[in-house]
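The data below hold one chain only, encoded as structure tokens and taken in the form predicted alone.
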């Protein structure tokens, strides 16, 4: 069971999905209409009190004027942590949500117990990454997760409402990445993240290569692990394995 709460913040009200009991955990979702409560949220809620905000401009919401880059979101979520009186929560992020979580750690490590990044993006790559913004929607989904059905968003035969929701998320993401698909400041500032960090990548990730994720871990002084039978969005493809990884990472923080 979960509920949706609305939290008033200086930037704009935040829609937060909330459920479970235990230590506080903030989950920052990925792109392409993946913000809804899912099997992964249920897995997390077995051991944590889960707070899963929907990013401004995602989940069917128009992109706000104040949102220009990922750092705007990390400051937005810093306000959320303080408004909810969360005492050093564990933060888990996926893809663009992992990028936000990494930026949050750079600026506000003291507020966090630890950070787990599934398939993080935002670093400059030695080789160009696939450009999701020039692809047809079915191809976009094929790069994100093995479990996403591209036929559902086929412009001729698929679900028009679902296709619109996916495009809405990608439109906001394109605005965040309109200059480039990385933040040159991220690598330069990574050493400011002083909380424990783990990077996890899907073994079958088609969007970012293993070397990219390992480079992320190296810059952030993080541990690294690979998850079998998972694409870029590990929690979608392997929710139980991803949640088990969260549980084991948290256990190391409690020692």
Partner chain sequence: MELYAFHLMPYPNIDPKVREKYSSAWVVYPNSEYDPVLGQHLYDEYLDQLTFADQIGFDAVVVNEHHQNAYGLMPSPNIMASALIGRTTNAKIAILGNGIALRDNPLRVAEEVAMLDVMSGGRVLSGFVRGIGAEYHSMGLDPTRSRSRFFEAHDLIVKAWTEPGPFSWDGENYQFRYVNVWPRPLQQPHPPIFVPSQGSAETLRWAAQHRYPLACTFVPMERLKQFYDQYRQYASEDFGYEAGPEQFGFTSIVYVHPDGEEAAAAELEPHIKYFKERAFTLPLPTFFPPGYTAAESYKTRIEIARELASSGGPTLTAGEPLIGSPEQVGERLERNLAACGAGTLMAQFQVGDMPHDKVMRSMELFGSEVMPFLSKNKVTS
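Residue numbers count along the first chain shown, from 1. No experiment lies behind these values; they were computed from the predicted model shown.
There is another form of the same protein, the form predicted together with its partner chain; it is not shown, and what comes next is about it.
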Open item on the list: Test of understanding: in the predicted complex, would residue 133 fall inside 4.5 Å of its partner chain by heavy atoms?
Closed with: yes
Open item on the list: Is residue 228 part of the interface with its partner chain in the predicted complex - any heavy atom within 4.5 Å?
Closed with: no
- [ ] Indicate whether its partner chain has at least one heavy atom within 4.5 Å of a heavy atom of residue 88 in the predicted complex.
- [x] no
Task: Exercise: residue 175 in contact with its partner chain in the predicted complex, heavy atom 4.5 Å - done: yes
TODO: Pick the stretch from 38-46, 60-68, 208-216, 191-199 whose residues have a heavy atom within 4.5 Å of its partner chain in the predicted complex.
DONE: 60-68
Open item on the list: By the heavy atom within 4.5 Å rule, which residue out of 123, 106, 81, 170 makes contact with its partner chain in the predicted complex?
Closed with: 170
Open item on the list: Within 4.5 Å of its partner chain in the predicted complex - does that hold for a heavy atom of every one of 160, 163 and 179?
Closed with: yes
